[in-house]
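The form predicted alone is given below as one chain in structure tokens.
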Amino acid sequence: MIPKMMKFLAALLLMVFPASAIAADAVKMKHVLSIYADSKGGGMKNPEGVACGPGSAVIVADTGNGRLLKFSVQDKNLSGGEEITLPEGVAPIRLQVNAKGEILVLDGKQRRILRLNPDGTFNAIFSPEGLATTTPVIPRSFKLDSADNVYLDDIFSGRIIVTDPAGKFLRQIEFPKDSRFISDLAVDQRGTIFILDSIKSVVYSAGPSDTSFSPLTKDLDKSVTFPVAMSLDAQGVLYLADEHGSGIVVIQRDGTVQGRLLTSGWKEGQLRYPDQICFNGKEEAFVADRENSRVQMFDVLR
């Protein structure tokens, strides 16, 4: 009970006094715009996912409405917002777009990954093949690398599974034995895998030839309360979405906390329970601002 109360108090402190938690001088996020609705004016409801595709595409997982929305970004403006219909009962919570423009969608209800064609039509259910065990694969999250290999956060068996784009098994790495809840992962250009433990507030990493994860961060719990999502920018810098603290925490490659960005609230540029983050390679970031039922676009300033 006491640890939970301490977590709660820490979250309140970070919401009220975000600047005192840690300075964020090297990287800043400047609000550009927010999107609340589709092309017909239908409002979003608790979006949890956003993915930056090849070119100008930005795909939103409108989780509460069980659909995707497709936007196009150009000259600091988002246009479009066409609806992509999903099978009935699907709750999209994580998205990735591969080099072909295909959209991979994690269904938060049935814990399966749907593969959609670039036009949004259904293609297939993604399923890894050739695994060493027959235990079920239950993904909490997933990411693609630069070659479109798929990295699955399998919370049922406590491992990261790596497959080729077609789903053929390549390798796996077990979670650290003392980990509590691995909520998300990221993969950099070198093939290094990062995993995020939301409960312990620790980021672990494993290189391309490593067979186990090692802690990357120290004392991260002083800067976050309950981080749930993680993403890498083009410079290889990690950004953690602190759900309960309603902010973004920036982590350097050596594991040091570079800064804490944004604050809790309803105004433009503020966050309430942020989730997935994506970068489009143009120093632009998009954040699924779940409890404000919107997606926000930011310029990344260095």
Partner chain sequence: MNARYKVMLLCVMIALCIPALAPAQAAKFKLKPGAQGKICLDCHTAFPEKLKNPFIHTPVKGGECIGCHNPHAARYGKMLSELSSDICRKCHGGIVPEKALSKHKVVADGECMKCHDPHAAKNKFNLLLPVSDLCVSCHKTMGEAIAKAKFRHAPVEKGCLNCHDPHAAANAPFLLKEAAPGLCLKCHRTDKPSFASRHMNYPVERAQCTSCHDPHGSDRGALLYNNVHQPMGNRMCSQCHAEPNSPTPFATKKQGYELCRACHSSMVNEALGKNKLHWPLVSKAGCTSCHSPHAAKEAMLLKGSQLVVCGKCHEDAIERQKRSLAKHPPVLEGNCTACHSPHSSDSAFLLNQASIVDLCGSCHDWLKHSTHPIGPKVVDPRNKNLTVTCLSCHRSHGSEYKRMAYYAEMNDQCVQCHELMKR
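Residue numbers count along the first chain shown, from 1. All figures in this text were calculated on a predicted structure; none of them were measured in a lab.
Missing here is the form predicted in complex with its partner chain; even so, the following discussion is about that form.
Participant: Would residue 181 count as touching its partner chain in the model of the complex under a 4.5 Å heavy atom rule?
Facilitator: Because a heavy atom of residue 181 falls inside 4.5 Å of its partner chain in the model of the complex, the answer is yes.
Participant: Quick check on residue 128: any heavy atom within 4.5 Å of its partner chain in the model of the complex?
Facilitator: Looking in the model of the complex, residue contacts with its partner chain do not include residue 128, since no heavy atom lies within 4.5 Å.
Participant: Using 4.5 Å between non-hydrogen atoms, is residue 208 touching its partner chain in the model of the complex?
Facilitator: The answer is no: residue 208 has no heavy atom within 4.5 Å of its partner chain.
Participant: With the partner left out of view, is residue 136 within 4.5 angstroms of its partner chain in the model of the complex by any non-hydrogen atom?
Facilitator: Residue 136: contacts its partner chain in the model of the complex.
Participant: Within 4.5 Å of its partner chain in the model of the complex, heavy atoms considered, which of 72, 157, 192, 117?
Facilitator: Selected option: 157.
Participant: Would you kindly say which of 111, 222, 100, 218 lies with a heavy atom within 4.5 Å of its partner chain in the model of the complex?
Facilitator: If I apply the 4.5 Å criterion carefully, the residue I get is 111.
Participant: Among the candidate stretches 85-93, 120-128, 162-170, 142-150, which one is within 4.5 Å of its partner chain in the model of the complex when only heavy atoms are counted?
Facilitator: Single hit among the candidates: 85-93.
Participant: Though the partner is not shown here, which residues of 266-283 have a heavy atom within 4.5 Å of its partner chain in the model of the complex?
Facilitator: The stretch 266-283, when checked against its partner chain in the model of the complex, contributes 266, 267, 272, 273 at the 4.5 Å heavy-atom cut-off.
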